[in-house]
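Shown next are two forms of a single protein chain, provided one at a time as C-alpha cells under the names structure 1 and structure 2.
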Structure 1
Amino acid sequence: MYSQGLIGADGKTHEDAAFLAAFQARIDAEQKIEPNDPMPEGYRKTLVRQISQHAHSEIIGMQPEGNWISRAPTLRRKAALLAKVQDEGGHGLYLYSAAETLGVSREEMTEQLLSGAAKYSSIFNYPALTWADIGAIGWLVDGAAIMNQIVLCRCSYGPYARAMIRICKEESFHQRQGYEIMIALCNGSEEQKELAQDALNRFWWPSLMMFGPPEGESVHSNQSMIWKIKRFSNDDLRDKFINASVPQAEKLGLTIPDPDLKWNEAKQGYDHGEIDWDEFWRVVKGDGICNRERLKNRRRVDRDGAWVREAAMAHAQKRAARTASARIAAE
C-alpha cells in the first residue's frame, strides 16, 4: 500500500440508527465484514475509494522503478528490481480484486485511473533520477508503505485485510533490497556516497507525506477509525516511520535533511520539522513533476495492449462457440 491518506472521500451514511448500531456492534466485536454482508453505503464507498487508490498506487508505482530495470548496474540488481516491480504489479491486482468484491468493476476503476479522476499516492509523481533513487525508494518508500500496510492487515473488511497480509509478506524484500543498494553506495566512492545522500535529500520529505496530512485537516479519517478501516492516526504512523528510519540513516552515515529533527527524551521519539503540505496538495492536484508523464504512460500502455485483450476475447468466444456446436452435433 502506498496511500493511507484517503483523498477526498465521502464517508456519509443514510441508513437508520438501528442498522448502523448493529453494524457498529459487529465492528466493535472485531468481526470481519465480508463481501455480501449488509454494510452502510458510506463504509462501502470509503473502502472502494481507499482500496482502488491503493491499487492505482501499486500500478503507477511500477513506473519510477521500471524505468531503471534496463540500467541496473549488475545482473543481481536487475533480477531483484525486476522481481520487485513484478510484485508491485501483483499487489495492484490483489487490491483491484479486493475492491471488486464491493461491487465496482475492474473496467470502471481502470477508466477512473486513465481519465485522471482517480487519485494515487503522490510519491510516484517524483522522478527516479539516479540509481541511488532506486535504493532510496526501496528503503524509504517501501518502508513507509510497510508501516501503513501492517496495520491494514487488521482492517475490518476481510478481503482488504487478506490482500494486505499477502502484500506484507512480499514487501520486506523490497525494503531490504533498497537498503542494500544504499549500503553499497555508502561504502563506495565519494561520488557514490554523494548520490546516496542526494537521493535521501529528495525522497525524505515526500516519504513523510505518504502518511497523509495530520488528522485535524483530514476530516474523514475519524469515521475510518470508528469503522476500523484504519487503526492509527497519520501522525502516529509517520512518527513510527521516522523513529525507525533515523538510526538506519545513521548506520549508512547519511544525514536526514531536516535541521529541526531531534530526539525528544520525554516522548522517546523524534520531533521533526515542518512538512510542506502545500507541496503535497500541489502534487495531489496534478502539479507534481511527473503527474502528466505517469498518466500518459499508463494510457499508452493500455492502448498498446488493447489488441491483445480483444484478440484473446475473440479467441475465447470462437473456441466456446466451436465446443458448443460440436456438442449439438454429437447429441
Structure 2
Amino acid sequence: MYSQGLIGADGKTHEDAAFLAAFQARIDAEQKIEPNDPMPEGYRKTLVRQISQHAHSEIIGMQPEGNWISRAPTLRRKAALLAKVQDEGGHGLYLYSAAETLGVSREEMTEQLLSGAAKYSSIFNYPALTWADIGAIGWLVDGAAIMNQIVLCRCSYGPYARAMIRICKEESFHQRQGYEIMIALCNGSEEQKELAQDALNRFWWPSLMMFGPPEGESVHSNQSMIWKIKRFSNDDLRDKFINASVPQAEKLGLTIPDPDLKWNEAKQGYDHGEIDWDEFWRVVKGDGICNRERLKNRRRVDRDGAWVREAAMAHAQKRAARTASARIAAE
C-alpha cells in the first residue's frame, strides 16, 4: 500500500563511499537508525516521502467511512465504525510525528497534501456507495494494508517501525470488523449477499493496486529494499494478499471478480489476471472518481478548523508564559 509513497521519490544521495558503506553496514547488521544518527540524504528523503504519504492516507481514509457513521444500521455498528475512524486519525498523528523526526514540519506536510503536491493511497479515491462497501473496505483495504504494515514493523528507521507496531494491532481489529460485516451480509437475505458481492467486485482490483506498480515499473523500490525501508517486493506482497483473500471469499460464498484467477501448484499460490495499470496511474495523477472531492473536503476541514488550532496555540503560549513567570518569581 505505502509503496505508492515511493512514486516520484528522489532516492539519489551524494555522500562519499566510506560514509555510505558504513551506513549500509549498520543496515545489514539490522541496527535501527534513529533521528540523530547520520544518514544519507536520499534515505531521509525517501522516508519523509513514504511516511508523510502514509499519514496522508490515514487522514484521507477517514472520509469514505466517516460518511457512514450516522447511517450504520445499528448502534453497535455506529460505535464500532466511530472507533475505527478515530483510530485512523490517531494513526495519521503517529505517522506525522515519526516524519517530523526527519526534519520536516507537520505544517509543511499538510500544505503539500492540500496543494496536491503530495499523494495518498489511490484506494481512497473510490466511493463507499453502500454499507457493504464498509465491510469490503475493512476486509480488503485494511487487509492489504496489514500485508504492508506488518513488514514495516521491521523497517530500518526506528520511529517508523515503532509507530507501525501500535498501528498494526489496531488495523487487525479493523480487518476483522470488516470481515464480520461481510459475514453478516452473506448470511442475510439474498439482496444483502448481492450487496456484498457488488462491493467485492468494485474493491477487488483497486485493492490489488494498493501494493503499487510491478517491480519493473517501481524504480525506487530496489533502493528501499537495500536500505531495508521495505522488505518485500510489491508483487510478492500482492501475491500474499491474494493467497490469503481467496479462501476468505470462498468461506463467504462470494466470487472473486477475476476470470483468470487459478491455483498454481508449482508456486503454491494463485495466478491472477492483468491489472488495469492505466486506471491506477490515472487515479494516482488525480483523475479518480473521488480525487477532487477528497481534497476539497480536506481543504474545507483545514480552513474551518483554523480557529481551533489558533486558540490551542494561544492557550499554549499563555500557559508557557505563566510557567516562565512563576519560575522567575520562585527564583
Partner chain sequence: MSEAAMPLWEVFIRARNGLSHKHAGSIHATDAEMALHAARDVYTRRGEGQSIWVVRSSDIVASDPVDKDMMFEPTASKIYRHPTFYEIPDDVGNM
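Fair warning: this is a prediction, and the values are worked out from it, not measured in the lab. Counting starts at 1 and follows the sequence of structure 1. Only the largest set of C-alpha atoms that superpose within 1.5 Å between the two forms is called the rigid core.
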>> Can you tell me whether structure 1 or structure 2 is the form predicted alone?
In response: 2
> Comparing between structure 1 and structure 2 on the rigid core: C-alpha of residue 25 shifted by 2 Å or more?
Replying inline: no
> If you line up the core, how far does the Cα of residue 325 move between structure 1 and structure 2, in Å?
Replying inline: 5.7
> By how many angstrom does residue 316 shift at its CA between structure 1 and structure 2 when the core is held fixed?
Replying inline: 3.3
